Each structure stands twice: as structure tokens, then as C-alpha cells.
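Heads up, the chain below is alone and in the form predicted alone; it's given as C-alpha cells.
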Amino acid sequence: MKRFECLQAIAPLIKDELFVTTAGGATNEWNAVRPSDGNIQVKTLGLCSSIGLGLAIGLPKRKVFVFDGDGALWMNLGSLATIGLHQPKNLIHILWDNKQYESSGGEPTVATAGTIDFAGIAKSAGIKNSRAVGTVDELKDAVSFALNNDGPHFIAANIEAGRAEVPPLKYDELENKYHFIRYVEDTEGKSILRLPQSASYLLK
């Protein structure tokens, strides 16, 4: 199955959930399917699972999705154990496994392209709701279940290599970060960023 088809299939299930996306095609494709200031891109390979965990803990009433890659997760495999330790009920971690480092040229993820069972590792790390999917219908069922039941959830989606032809993002990761923070502030009624005192005077 292709990742873009998967994203198109699950988009109708989504309401106001937050999304943390890893480097690679998943970021552009998801923003093409569902543009929102509630999507944040993470360019540092491996960290989207940890950032997603932090968001889930900090916003326990809000569902948080993580769109991860096999190469990225391999660089931060210990995050699964941390997620298993903290048991965030609102975290839905989806792994797009195309068995390559897509964002850096398509080199095979040799360590993960063989027999590694990511869903099995996640379950052993304490994420009981872990499963692998290989069809779009299986993915839709897994996402629907995750949205309607406490987590954490881990879904390993085996996909074909390749990116869809979609428009590039409107702004880089720095500007995206501030849009995302302001979106969280507005929708959660929280104050996260404050202007320095000197800057506040300039606005009067």
C-alpha cells in the first residue's frame, strides 16, 4: 500500500487531533491531505516520537498522533520503552515502514529492512495496543480503534517506497513551530509563549 493512499483514507476520521510528523514525505503528504496549524514537522531524525510523548503528557485531554519512519524510529528505539513506561492514553504512534531512509536519498535501512518486528518490540516495551497492518482497510480499522479507546497505541504500517507529487510546505520548520504553538494556545486556552517585557512596550 502507498502512504498517500493511507493518509487520504484516515483523514475523514480526524477531528482536532495534533500531529507530529517526521522528516520525509509523510510531512508534505499529510499537509496536502489535511493542512492545519495543528501539524508540526520535526526535521531532527528520530525525535518525533519523543516530542509526541511530551505533547501527550502535557495535553492529556487531546489526542496526539505521531507519524514516524522506520529509519527515524531506529535512531530512537528507546522512545518506545519511555512511552511504555508513561502509558499516555492519548498517544497514537503510526510507523510508516518503507524500509529506507527516504528523506536522504532512499538508502535502505539495512537493520530494519530484514526481520525486525516493530509492533512486537513496541508491545514488549509495554505498549499493549500494538499491531502491524498491511492494507488500507486494516489501517483504517486500527486508527478508528485508537481514536475510540485509551492508548498508548502503536501501528506499524508496511508501505511501498515512494512519495506522492504534492505541493511543498508554505513555511519552514521554525515558522511552523510558532504557528503550532499559537494553535495549541488558542485551542487549549493555555499560555505557552510570552513576549519579553521590552517587546511588550513596543506594541503599545
Partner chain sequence: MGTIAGAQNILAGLKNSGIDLIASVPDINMLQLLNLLYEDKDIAHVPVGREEEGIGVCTGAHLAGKFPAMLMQNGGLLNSANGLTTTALQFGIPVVLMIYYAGDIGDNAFHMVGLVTEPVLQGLGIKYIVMRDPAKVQQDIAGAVTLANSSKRPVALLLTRAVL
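Here the structure is a predicted model, which is why all the values come from computation and not from measurement. Numbering follows the first chain given and starts at 1.
One more form of this protein, predicted in complex with its partner chain, exists but is not displayed; see below.
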{"property": "Proximity of F145 to its partner chain in the predicted bound form, heavy atoms at 4.5 Å", "result": "no"}
{"property": "Close approach of K170 to its partner chain in the predicted bound form, 4.5 Å, heavy atom", "result": "no"}
{"property": "4.5 Å heavy atom contact, T82 to its partner chain in the predicted bound form", "result": "yes"}
{"property": "Any non-hydrogen atom of K15 within 4.5 angstroms of its partner chain in the predicted bound form", "result": "no"}
{"property": "Contact segment among 160-168, 29-37, 145-153, 46-54, judged by heavy atoms lying within 4.5 Å of its partner chain in the predicted bound form", "result": "46-54"}
{"property": "Three-residue site N76, K190 and L193 fully in contact with its partner chain in the predicted bound form at 4.5 Å by heavy atom", "result": "yes"}
{"property": "Residues within stretch 156-181 having a non-hydrogen atom within 4.5 Å of its partner chain in the predicted bound form", "result": "E173, L174, K177, Y178, F180, I181"}
